[in-house]
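Form predicted alone, single chain, as structure tokens, below.
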Amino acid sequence: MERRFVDNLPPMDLMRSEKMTSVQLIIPVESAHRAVSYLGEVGLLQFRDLNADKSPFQRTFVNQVKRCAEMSRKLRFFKDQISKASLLSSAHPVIQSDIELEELERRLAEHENELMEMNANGEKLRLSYNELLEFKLVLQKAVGFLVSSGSHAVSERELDENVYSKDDYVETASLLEQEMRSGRSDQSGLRFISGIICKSKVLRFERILFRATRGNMLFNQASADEEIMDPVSSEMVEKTVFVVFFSGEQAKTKILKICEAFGANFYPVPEDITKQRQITREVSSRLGELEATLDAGMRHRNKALASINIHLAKWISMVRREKAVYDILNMLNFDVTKKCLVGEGWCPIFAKNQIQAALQRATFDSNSQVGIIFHVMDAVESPPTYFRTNKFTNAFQEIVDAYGVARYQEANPSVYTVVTFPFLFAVMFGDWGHGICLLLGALVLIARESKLGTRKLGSFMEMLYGGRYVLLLMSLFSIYCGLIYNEFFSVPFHIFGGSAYKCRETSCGDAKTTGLVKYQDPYPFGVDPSWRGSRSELPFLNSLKMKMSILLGVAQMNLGIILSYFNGRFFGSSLDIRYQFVPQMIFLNSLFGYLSLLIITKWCTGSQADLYHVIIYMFLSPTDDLGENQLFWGQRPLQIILLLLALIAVPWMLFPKPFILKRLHTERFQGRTYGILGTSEMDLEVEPDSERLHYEDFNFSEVFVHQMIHSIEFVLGAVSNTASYLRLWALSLAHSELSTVFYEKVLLLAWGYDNIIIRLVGLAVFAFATAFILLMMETLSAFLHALRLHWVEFQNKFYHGDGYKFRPFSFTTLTEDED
């Protein structure tokens, strides 16, 4: 009767993963590419790699993959060039007819060659422009140094040996040499070298020159009036013009080598003013011509990039898809005739019709004479785990998957995590003022999800955006728990009526330290605001939150054990139900379920019994009279019975299961019986706690040790896990006290001064502390503690988490990493 009722219940989408089936595809070669493309659009088939033993270079379609990789490189090059040119991405790509891969490859090669040629010409022109600009700056600045030293007797100016640094302007250098050779004199006397260097290197440059010439030189420098663009990085660089006066051939050789090492460019400067003016005019004329040429080249390049930019998004998507298709084709094997490709994989049962329809369409569109064979096959390995989630449940599923992916079709904790996770967070964070702040942040993220979903976000913002619905529920539950705690930025309000307490005497006034008496019914919802500021505030709230934490913890752990029953029932494992679920329920509730009963009874009766004394002496002296600590009739014999049940439950967990498994193995091996306890061989292999034991390699000692570890872990964990839930009390108290400190010691203290500046400073400090400490650090702290309670205290009662995700071949999941 019970089984029929449970079987008639509607299925829960998230409770169990989708039923999967192993399938085999036999695809004619002429249909293979189109079939895989259509399957990528469906996105519900995970292929198995049948060539795992081969390297990527030994696979069939390695050349096509290389071509796609090369095209991806070219497209990344175009994207980088468009980004450097500061061209906006095309918001509305031009609709164009589909082009073949070969045609796209040819067009990309043409565009790349054209762009590289334009870049090379542009770099040459930019280098030439920079050289002329540097020459002009040297002519302007070096003249002052030469004029100031004109009174000295200078016997020679080796201007013809001040080599022009680039080969593009040999004509200009030759002209200058001809003009300056007429002014040569003897080779004895003072010489100079003039040039230009990066401003950041000047200090080191001067020091090296001084040491190399042993101080026998004169170094003059002046900052250039214009910044010069670096043709490689396209950044503007500050330069400094220098003139070095020296004497001797050795000094000249050293200076030239140092200039070359520091990347300094040196230019000849004539001493004759007439020649200077002539060269300056010539340089300025050439600069104007080059600037016009550079502008024309930049416009032509931007026009070419803009034409590429129109189609770039579609080309990137096309190449990415093609590469993904060939990667999948490389996972398939040829059959014996070499005319068909054989593939294997997993798909959800509900998707079989969609996949078959896509394969039929591929056969028709490719004009193949032979259809694609699609059939279900048996598989030894466990199927992948696949949950159909939406944007709301996806974040909660990711929280569970971060611990471990569910085993195929075992109970999924995220069904309950949707509610329990934000609720336990709110128990620690409860303050409806802070909850409203979190709610506003969550609503902003949800309102802008269409815009944020298309942008590339930073790691922190991406995490917030992905968990926007988790944040929404956390904020709503925080408002609810804050109303129960009656805290709004730690301030209580009479929202649901007046307090149940009043002053004993009229002189008591508002000082809630003594003299409060109850005069009406209890406060209808949450904590009475009169507790705030009273002498018994902390003892009362500590007792309330501590007991509440134990109740919540025992309830959630019981839920975990109950889910282990549904796992055992689903997998047909009567061993796990009888020798794991039953003794675990008995042990946990004999001790901590009884403690929860005592807490509720004490709340309902208003008894003054000491629960610490009751629980401790339940173990030390179970037969002693309870005296004033007795909460109800028959408590002592009940405690003795519960203690005996807890003691019996430990060997119940430990011994029967390994020996029964050994007996089943022995009977199977001898061939005497099959299907004991209503289970099949496959059922035993996939039992949640049997580690998929195969009868061929059954090891009794290993099974017994595993069961012993599991039993000891549960017994000790029942105590430690219950104590772990006290973090709900501790963090709730810490959050409340921090809020009180910031409110009373910062805001109220500053507001006590009759000075607007002090008040504003106090308000700013309070806002900063609330935002960064209470809303950020405390939120993160409560989030991590709630995460631990779910991963360790809740999930270890039933969740194995040793499965693997269903990763279907889908074009929608392709990212830039696939390039």
Partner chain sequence: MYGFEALTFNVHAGYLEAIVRGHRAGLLTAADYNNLCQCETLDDIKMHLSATEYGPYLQNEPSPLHTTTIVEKCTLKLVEDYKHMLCQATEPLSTFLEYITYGHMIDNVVLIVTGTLHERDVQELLEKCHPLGMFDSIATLAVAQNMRELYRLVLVDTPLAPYFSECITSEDLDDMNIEIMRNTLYKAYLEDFYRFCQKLGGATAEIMSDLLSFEADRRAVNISINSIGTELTRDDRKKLYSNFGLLHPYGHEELAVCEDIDQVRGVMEKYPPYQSIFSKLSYGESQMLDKAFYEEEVKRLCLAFEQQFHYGVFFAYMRLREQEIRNLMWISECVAQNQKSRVHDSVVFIF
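These numbers were taken from a predicted model, which means no experiment stands behind them. Numbering follows the first chain given and starts at 1. Note that the rigid core is defined as the largest set of C-alphas that superpose within 1.5 Å between two forms.
Just so you know, the form predicted in complex with the partner chain exists too; it's not on screen, but the next bit is about it.
Look at 703 to 711, 573 to 581, 208 to 216, 636 to 644: in the model of the complex, residues with non-hydrogen atoms within 4.5 angstroms of the partner chain sit in 208 to 216.
The partner is absent here; in the model of the complex, the one residue of V42, A750, V65, A769 having a heavy atom within 4.5 Å of the partner chain is V65. Just one of R532, R321, R569, R76 comes within 4.5 Å of the partner chain in the model of the complex, counting any heavy atom, and that one is R76. Residue contact with the partner chain in the model of the complex: I273 places no heavy atom within 4.5 Å of it. Using a 4.5 Å cutoff between non-hydrogen atoms, K518 does not count as a contact of the partner chain in the model of the complex. In the model of the complex, at least one heavy atom of R204 sits within 4.5 Å of the partner chain. When the partner chain is considered in the model of the complex, K254 lines it closely, a heavy atom lying within 4.5 Å.
When the rigid core is held fixed, the Cα atom of Q81 travels 2 angstroms or more between this form and the one not shown. Put the two forms on the same core and the Cα of I208 is off by 2 Å or more between this form and the one not shown.
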